[in-house]
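Encoded as structure tokens, the following chain is the form predicted alone, with no partner shown.
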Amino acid sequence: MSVLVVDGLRAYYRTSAFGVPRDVRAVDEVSFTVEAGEIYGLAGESSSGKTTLIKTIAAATQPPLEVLAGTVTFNFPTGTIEMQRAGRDTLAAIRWRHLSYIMQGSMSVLNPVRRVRHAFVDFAFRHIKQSMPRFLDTVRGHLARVQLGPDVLDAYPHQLSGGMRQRVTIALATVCRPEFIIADEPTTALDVVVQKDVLAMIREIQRELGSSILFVTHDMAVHANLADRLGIMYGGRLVEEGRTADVFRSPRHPYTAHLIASLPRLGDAAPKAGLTGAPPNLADPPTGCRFHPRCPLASDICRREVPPMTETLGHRVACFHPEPS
């Protein structure tokens, strides 16, 4: 059974200036699933809609962001929840206990004027339902899993290194043993050595808990080493999806092929060619395929019509001129 089912999701930023309405189509007709025990990678350049998508999945939308259509459904052991219809009490009950979030910046989670232990009390105490001394013992044991000592609980965030703070946020997101974890660029601000340790830690904890992870990053090399399946976003739409190995071995969408070709390789001294043009303006996106102004394969049909998502042996692509599988 799929833990997460996203079906036909549309989420726009809706504003009005001088009486003129303006919609930024950040997420437009996105559909995909995440299976139990799977790490699903979501890739795409900045402004492709990744962060808006995960905000909508977590029901963390605030005006001017609105969900116009589609559904986000989680299948937890306690029952099925459609996030856009769930009440405040329901959302409070599942967050951190069943659905947790590793945020992009550790300082977005940790209060700079409170000790780290207060973050665990605020987020997890009411879900774990233990006495305070026993709860803190549970937290200390969990910190050991992410290679942190118990003294971290008495530290202020500024007293920890960036890598230590990121480990704290991972511990926060996993201490309640949730079934689903959203990881939003959790390694962006880390150097490559710390990044490697953090990625290994996320994979180890995911296997131990049996959780599913939606892992969001623009770094294709990270996806290659972590994700089981990979979805590629461009201009607010999902343009390709498949097993990570299949996508890297045989990308079918021209945009995916460019992302993979841009990766550095040992012994390859050839210059890397960048894409011409710029990402689309999602307040006034191009007609048809949103990639067509930058695509070397674009034809008239690409400019007129939105390419449907087609599937071949579990590999999906939205393109009128896909590479052969």
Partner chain sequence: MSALLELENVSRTYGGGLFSRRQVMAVNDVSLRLEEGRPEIFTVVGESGSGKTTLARMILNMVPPSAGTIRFQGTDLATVRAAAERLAFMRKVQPIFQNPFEAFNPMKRVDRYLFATARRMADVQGDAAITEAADAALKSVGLSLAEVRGRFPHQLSGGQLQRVAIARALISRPALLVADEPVSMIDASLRASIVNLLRELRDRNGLTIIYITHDLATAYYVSDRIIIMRRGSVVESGDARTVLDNPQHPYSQLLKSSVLSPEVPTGVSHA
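Fair warning: this is a prediction, and the values are worked out from it, not measured in the lab. Positions refer to the first chain, counted from 1.
The form predicted in complex with its partner chain is left out here; the points below concern that form.
- Comment: 248-256 is the region of 209-217, 145-153, 71-79, 248-256 lying near its partner chain in the model of the complex, near meaning a non-hydrogen atom within 4.5 Å.
- When contacts are defined as a non-hydrogen atom within 4.5 Å, none of R14, V34 and T52 contacts its partner chain in the model of the complex.
- The partner is absent here; in the model of the complex, the one residue of V222, M233, M164, I202 having a heavy atom within 4.5 Å of its partner chain is V222.
- Mapping the unseen interface onto this chain, P264 counts among the residues with a heavy atom inside 4.5 Å of its partner chain in the model of the complex.
- Residue contact check for V198: none of its heavy atoms lie within 4.5 Å of its partner chain in the model of the complex.
- Although the partner is absent here, V175 lies well away from its partner chain in the model of the complex, with no heavy atom inside 4.5 Å.
- A residue is said to contact a partner when one of its heavy atoms sits within 4.5 Å of a partner heavy atom; L275 meets this definition for its partner chain in the model of the complex.
- Shown here without its partner chain, the chain has only R294 in 280-317 lying with a heavy atom within 4.5 Å of that partner in the model of the complex.
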